[in-house]
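Below, in structure tokens: the form predicted on its own, a single chain.
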Amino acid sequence: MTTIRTRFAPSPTGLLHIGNARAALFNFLFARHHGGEFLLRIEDTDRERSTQQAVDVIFDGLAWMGITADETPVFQSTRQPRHTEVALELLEKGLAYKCYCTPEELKQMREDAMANGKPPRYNGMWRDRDPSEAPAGAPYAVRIKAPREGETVIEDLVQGEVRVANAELDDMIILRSDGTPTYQHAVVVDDHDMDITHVIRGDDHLTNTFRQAMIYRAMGWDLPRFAHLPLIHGPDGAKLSKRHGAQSVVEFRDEAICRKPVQLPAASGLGPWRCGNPVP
């Protein structure tokens, strides 16, 4: 029997707000309910915006909530060689290709598409061209070859069957011209290598799932089960954010708003908690 493995994968570029905390709690309780394992991955590949302070806030907030990982937390930035290895494997198999487009060419593509009432996406300029046509020494990004016919179908545990026409998908970049992996690529490689069986996250990631499915299938990997949760919205109907009053988890802790025991569902296997800790 397969062990259920979930993960919480925040980016340390800001506060651990209530929406993040809810996603962490869903993943943690789902794993506990099924006798599985909960993992933590810090997605710190955005080196300019990632801070140690934000990492500390994530750890402090989860600890206060009583959410503990079953393995040592993984820092995504340490796995870049593995991300590159997979991208080069796809390139070698002919399932990805080198794109030598300049920033100016990409800008013109977007403008032309918008002028024709189409989404501003890459037009596949280098998909079938010989790399020898590129100027010597020109920088290149690695793009995956998206399927052009049929549909991609995701059996979502919350939203049911969700479909998208493959014609709506473009040849996304998996390795930038500076050699760094994109988020869409790194998250797939990490989830696969960490044996994640269930990806539970907000439904603002649903479009990402269709794009990430391309990498799973190109590598011949099984997809995890996906569950996309409805977002928490502010009074104006927009996604909850700091300007709507979304607070950091540690702000709730510091304000000491947790004053009485909370009885969690019996199925969670956890008793009443007060302020993130079991009631004695």
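Just so we're clear, the structure is a prediction, and the values are computed from it rather than from any experiment. Position 1 is the first residue in the sequence shown; the rest follow in order.
Another form exists, predicted in complex with glutamic acid; not displayed. Remarks below refer to it.
- Relative to glutamic acid in the model of the complex, residues Ser11, Tyr183 and Arg201 are all within 4.5 Å by at least one heavy atom.
- When you look in the model of the complex, the only residue of Val187, Ile154, Ala141, Ala146 with a non-hydrogen atom within 4.5 Å of glutamic acid is Val187.
- Listed residues Arg127, His192, His205, Arg121 were compared with glutamic acid in the model of the complex; His205 is the one with a heavy atom within 4.5 Å.
- Glutamic acid is not shown here, but in the model of the complex it comes within 4.5 Å of a heavy atom of Glu43.
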